[in-house]
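Listed next as structure tokens is one chain, alone, in the form predicted on its own.
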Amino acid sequence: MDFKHYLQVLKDHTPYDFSNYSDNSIKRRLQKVIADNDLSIDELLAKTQNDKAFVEQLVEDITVNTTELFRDPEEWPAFYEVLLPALKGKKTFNIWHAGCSSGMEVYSNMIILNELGLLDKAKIYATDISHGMVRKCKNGNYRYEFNKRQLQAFETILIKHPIAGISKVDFSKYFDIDHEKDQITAKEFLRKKVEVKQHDLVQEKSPFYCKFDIIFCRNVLIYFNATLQSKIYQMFHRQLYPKGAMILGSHESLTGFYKTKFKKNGPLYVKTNAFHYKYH
């Protein structure tokens, strides 16, 4: 199959453009979609052009939605060691979770902010390309057993590395747990706090009319090629306030030109000097 041709058909007939995703990553996922649905190439093309529900499911299948509550638990104290001094001094601050998947990282962050007495100051925004993931983020409903170990791992980390004196969190304040249904659901006050939108980072423009103090975009850009990564770093730089912070995944890092536009501070990349952008 000519994957480049297929991606062009997808771009021409749907709102989605995957042409600048990593070649190996997109090929593997498209091959799995074809195999799982037992489709011929002609059938795949026909469904892509005529079946909106199929396209939405395809987008969910070929984008990476792996996430957990307090994923990489050892990194959260490091985030807040750097962020807290700045956040405490602000009357309000804005946080964008770009590529939020099902929203578990969004809720993890709000829990910490609430424990620190900072949630009322925060405006929380979240976006994902997948309609299904946006719906899950809004619902805040997840499998309990899947996340139980993550919550326990985070508690273990907090004992060793407290965040501003927080060494234990009562998660019953934040989730309703149904053991029989194996469900954990974020409390309403958390779900109401976050504004969630479907958004494709490839479009380059932010869907929100504000600047941000923090942008989380973890384990997303690793699946993009260098050209697309640069466009998104440019957008993030533009959308951050001076000295705003960008948080990437543990296996992601800045290279080339953008190393001069962000200063690495532990796990954070802090915006440095502004520069002129070319608007398209």
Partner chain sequence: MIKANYKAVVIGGSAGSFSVVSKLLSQLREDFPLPVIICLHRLKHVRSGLVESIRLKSKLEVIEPNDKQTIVAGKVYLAPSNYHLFVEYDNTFSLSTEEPLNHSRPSIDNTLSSAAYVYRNKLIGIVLTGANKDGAKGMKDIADKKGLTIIQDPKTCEMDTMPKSVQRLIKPEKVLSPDEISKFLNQLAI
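Everything numeric in this text was worked out from a predicted model, so none of it was measured. Numbering follows the first chain given and starts at 1.
Keep in mind that the form predicted in complex with the partner chain is missing from the display, and what follows is about it.
This chain appears without its partner; in the model of the complex, the one residue of Gln198, Asn114, Gln150, Gln203 with a heavy atom within 4.5 Å of the partner chain is Gln150. Residue Arg29 is the only one of Lys231, Lys47, Lys211, Arg29 with a heavy atom lying within 4.5 Å of the partner chain in the model of the complex.
Judged against the partner chain in the model of the complex with a 4.5 angstroms heavy atom cut-off, the residues Glu74, Asn219 and Glu252 are in contact without exception. Heavy atoms within 4.5 Å of the partner chain in the model of the complex belong, among the stretches 179-187, 142-150, 126-134, 91-99, to residues of 142-150. Mapping the unseen interface onto this chain, Asn225 counts among the residues with a heavy atom inside 4.5 Å of the partner chain in the model of the complex. Interface residue remark: Asn24 is counted as part of the site for the partner chain in the model of the complex, having a heavy atom within 4.5 Å. The closest non-hydrogen atom of Thr66 lies within 4.5 Å of the partner chain in the model of the complex.
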